[in-house]
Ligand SMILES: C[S@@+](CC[C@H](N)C(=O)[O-])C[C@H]1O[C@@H](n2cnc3c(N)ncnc32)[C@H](O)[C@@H]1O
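Given as structure tokens, the chain that follows is alone and in the form predicted on its own.
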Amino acid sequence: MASALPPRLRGRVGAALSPRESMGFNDQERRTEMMLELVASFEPEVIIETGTYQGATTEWFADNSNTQIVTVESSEWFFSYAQYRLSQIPQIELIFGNSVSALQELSSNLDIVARKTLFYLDAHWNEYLPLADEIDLIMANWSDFIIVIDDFEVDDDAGYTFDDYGPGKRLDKTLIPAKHRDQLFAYYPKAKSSEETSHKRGVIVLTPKRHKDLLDGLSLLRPTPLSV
């Protein structure tokens, strides 16, 4: 019966009836600790998330920061689910649409672009992987930022899982545009996959030079070369 409903209505019904996830970040305890240290140290003025899904990570950001949060979801079902779940949190703005189009629109907002921004990129489970285009837009329009990419290969720790949809669709360093690699510094989680919980999804953190010293000083990140 529920499958016959329009996607947005099914999303609202699903959010109302199903239990919520206990936390964001794939229920990974080490990842959550890493993100808590990063957010507390970086103190972003705005957080932009692509790939809202059910809104668990979005809600975590709201619980652990006082900043504006903009999150983008392209699935009608998940957009509606997250909209229902997050409707009582005023600091969250939920956008329906393609992440690249949303970033293009946000880049025209001079107030947003001028603020210290944490990007959490997690919109890469459809046929089109927008990661390279997302990074291009960030590099062209923002100067004060840190990027976190979920579901990413940790190439020296095979215990971390990541998204791999075939040639040219593997979430690894080759998807980071070569023209930007000499302007960015990269970090993997300090915790080994054997120390991580739940889905053990990999992650990479990118920063321009202005925040390299900050990330070098964090206890739960370690540097990794961007060369491929």
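Note that residue numbering follows the sequence shown and begins at 1. A quick note: this is a predicted structure, and the numbers were derived from the prediction, not measured.
If you look for the form predicted in complex with the ligand, you will not find it shown, but the lines that follow are about it.
Proximity of Tyr84 to the ligand in the predicted bound form falls outside the 4.5 Å heavy atom cutoff.
Residue contact check for Tyr53: one or more of its heavy atoms lie within 4.5 Å of the ligand in the predicted bound form. Of the heavy atoms in Val72, some are within 4.5 Å of the ligand in the predicted bound form. Among heavy atoms of Glu153, none comes within 4.5 Å of the ligand in the predicted bound form. Only one listed stretch (43 to 51, 62 to 70, 170 to 178, 191 to 199) carries heavy atoms within 4.5 Å of the ligand in the predicted bound form, and that stretch is 43 to 51. With contact defined as any non-hydrogen atom lying within 4.5 angstroms of the ligand in the predicted bound form, the contacting residues in 76 to 104 are Phe78, Gly97, Asn98, Ser99, given in sequence order.
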